[in-house]
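Just one chain is shown here, as structure tokens, and it is the form predicted on its own.
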């Protein structure tokens, strides 16, 4: 037992160090580069301080917070569906949120208004719940999890196609911003955005952590969880709400971001060699933050001054993990047990 907790501690320290390094690296790198030693001195220069405090730091914090939210949302969905490739992007939840946020933004922009952060979150949450509702309805007719995941993918394609159609033909001078958002990006984040997303994400994260014990029981099977006193119906509603809120917050502020919700939880479980929720939930948040910060750094710097869409980078690193999971699930004992 002692060795296990030593391993957990070492893994948390590793994630914390990686997070700190990437935070500094992301703030330092850009069109104007700063060394780590120059950062403090740069704050004394009004122009450099404006770059760091006004542009880079809010973006870096947003990438960390929203990346962590995606990873925790993915872990909750994988627990709910008992499927390793369940995630907000694959199941179409992010695409549903993207569709409703686009509708809200187009409606307000066409009337000369602006969409506040809470309005976007509410719209994204509504879209997330609609997509999740379709998936849950399908789950009553489709018993095979593989087919249910495919159904989620199809819902995602439909929502994305409708969104692209709306964005293409929307008649508004500000629609360029909507198009950039629909491709996924942490750019343009303000301190007000960071404050609001922090409240939403950290409250949801705290509530998810409080569910660690029933999640652990549910991982052992529905019958075992019921025997342990878990109210299955209420527990499922709680998981759906928390995962939808987390993924909706990400979509509202950064647009749809692919594969983080699937890849990060599995990388973390492999690193810690456990699926215990009391360990994995905070670890997923740190791991998702590290994953998104690394991908955002690549998106901003590799082809600078051209910036890649964040989803393009997360797909490059996340998709191979999903392919590996699907291949191992078919050939391994877990795949036979679940079929």
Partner chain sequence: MREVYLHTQDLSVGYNGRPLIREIRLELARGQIMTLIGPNGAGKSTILKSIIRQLELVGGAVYLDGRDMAKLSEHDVSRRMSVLMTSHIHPELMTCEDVVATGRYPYTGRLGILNREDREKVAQCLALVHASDLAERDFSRISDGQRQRVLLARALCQEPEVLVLDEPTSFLDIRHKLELLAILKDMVRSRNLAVVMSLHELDLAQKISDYVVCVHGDAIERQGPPEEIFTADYMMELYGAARGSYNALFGSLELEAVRGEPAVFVIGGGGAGIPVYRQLQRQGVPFAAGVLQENDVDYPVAAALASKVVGEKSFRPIGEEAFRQAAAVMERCETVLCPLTDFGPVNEKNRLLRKMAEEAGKLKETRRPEGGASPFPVSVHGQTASFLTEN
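Positions refer to the first chain, counted from 1. Predicted model, so just to flag it, every value in this text is computed and none were measured.
We do not show the form predicted in complex with its partner chain, though everything after this point is about it.
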In the predicted complex, residue 210 touching its partner chain (heavy atom, 4.5 Å): yes
Interface membership of residue 274, its partner chain in the predicted complex, 4.5 Å heavy atom rule: yes
4.5 Å heavy atom contact, residue 240 to its partner chain in the predicted complex: no
4.5 Å heavy atom contact, residue 217 to its partner chain in the predicted complex: yes
Its partner chain: the contacting residue among 202, 165, 224, 107 in the predicted complex [heavy atom, 4.5 Å]: 224
Contact residue in the predicted complex, chosen from 153, 130, 122, 230 - any heavy atom within 4.5 Å of its partner chain: 230
Stretch in contact, per heavy atom within 4.5 angstroms of its partner chain in the predicted complex, of 299-307, 27-35, 57-65, 266-274: 266-274
